[in-house]
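In the form predicted on its own, a lone chain appears below as structure tokens.
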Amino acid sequence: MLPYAAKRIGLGAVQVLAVAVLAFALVELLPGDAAVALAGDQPDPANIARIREQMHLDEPALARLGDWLAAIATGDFGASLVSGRPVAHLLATALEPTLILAGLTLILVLPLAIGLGIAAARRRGRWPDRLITTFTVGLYSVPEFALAVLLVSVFAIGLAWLPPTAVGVPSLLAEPAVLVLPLLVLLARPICSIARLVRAGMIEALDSEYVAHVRRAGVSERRVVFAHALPNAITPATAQIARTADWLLGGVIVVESVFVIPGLGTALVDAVNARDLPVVQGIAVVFGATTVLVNLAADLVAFRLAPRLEVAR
């Protein structure tokens, strides 16, 4: 376990470094003078000079890359070109709403998806299985943006049961009703994909010789399902759970934009519109590091549940 974990941690560090280098390369790939491109459609000479000085564009690219990597290693992402505030402070402010949304989604998605998968597998071929399968396949095909607009139209505008946006709400936790529609959108696709994987894994596990032997030993069906079949069934789903966390990084951008939630997704959209490249670079590094860490955790969990994977790797 430890050698495998050390190898994956080393690979993860290389991946984070690669994401940081790619984020830095955004400036180098800008056509022409990067300071002019970042200054906007009507660049002011003073603003161009300020951007060039702030981003050290007069220095060699490799020197700037080394200084920038050394700075972000200490948590210094530079300063915003628009507000002048440290990027780290902007990210810290926007991180809380995103963590609340992503955390609640991950907390809710696992019991709901695993429960649906088990229910479908135990009644395979019957109407509950067909109903769950039809529902998950149909819901998975609906894009996040379309589902968000539909839910707002029905429950916020039509029925007026829930607030349509988070405008004027000081904190998401201060008014939980604001979280209902965004969470429904974020939960829809992950529940469908994980539930189908758990269903397939449960069917295979319940049909295995191992489970048949356990049943012959007189173990109760409930213990057979949850203590013996389920651990083997959720092993293939761990990778999908990691991909769900990755997907949340993209899905939260859409959700925060539709519901006007001031999180990292909204900060990224605003930074792109304002050509605030230091903020875009900082968010890209945060998203990349989060993706690497989530996939690392998923690999370690999958390895712990099925150590034979070490042979395949």
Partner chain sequence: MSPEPPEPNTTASGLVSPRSPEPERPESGPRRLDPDDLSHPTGTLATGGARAATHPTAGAPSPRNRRTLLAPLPSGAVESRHTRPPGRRRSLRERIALALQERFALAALLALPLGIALAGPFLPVADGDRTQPFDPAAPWPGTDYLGTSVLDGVLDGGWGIVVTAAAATALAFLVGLPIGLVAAATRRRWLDEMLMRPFDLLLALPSLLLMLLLASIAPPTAWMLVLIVALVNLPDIARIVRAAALETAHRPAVEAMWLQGESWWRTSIGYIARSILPTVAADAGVRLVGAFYLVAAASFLGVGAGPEASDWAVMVDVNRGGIFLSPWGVVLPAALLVALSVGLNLLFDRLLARKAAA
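Numbering follows the first chain given and starts at 1. A quick note: this is a predicted structure, and the numbers were derived from the prediction, not measured.
Another form exists, predicted in complex with its partner chain; not displayed. Remarks below refer to it.
Student: Want to guess which of 213-221, 98-106, 79-87, 112-120 is within 4.5 Å of its partner chain in the predicted complex, heavy atoms only?
Tutor: Contact-bearing stretch, as computed: 213-221.
Student: Of the residues A46, L29, A70, A63, which one places a heavy atom within 4.5 Å of its partner chain in the predicted complex?
Tutor: Here the answer is residue option L29.
Student: Please run the contact check for V19 against its partner chain in the predicted complex: heavy atoms, 4.5 angstroms, yes or no?
Tutor: Close contact exists here: in the predicted complex, V19 approaches its partner chain to within 4.5 Å, heavy atoms only.
Student: So in the predicted complex, does any heavy atom of L183 sit within 4.5 Å of its partner chain?
Tutor: Flag for L183 set to no.
Student: Considering non-hydrogen atoms and a 4.5 Å limit, does its partner chain approach A146 in the predicted complex?
Tutor: A146: contacts its partner chain in the predicted complex.
Student: Would you check, heavy atoms only and a 4.5 Å threshold, whether V142 touches its partner chain in the predicted complex?
Tutor: Residue-level check for V142: yes, a contact with its partner chain.
Student: Check, residue by residue, if T74, L187 and T235 all come within 4.5 Å of its partner chain in the predicted complex, counting heavy atoms only.
Tutor: Answer is no for this spot.
Student: Just give me the residues of 271-296, first to last, that have a heavy atom within 4.5 Å of its partner chain in the predicted complex.
Tutor: Result: V272, N273, R275, L277, V280, A284, F287, G288, T291, V292.
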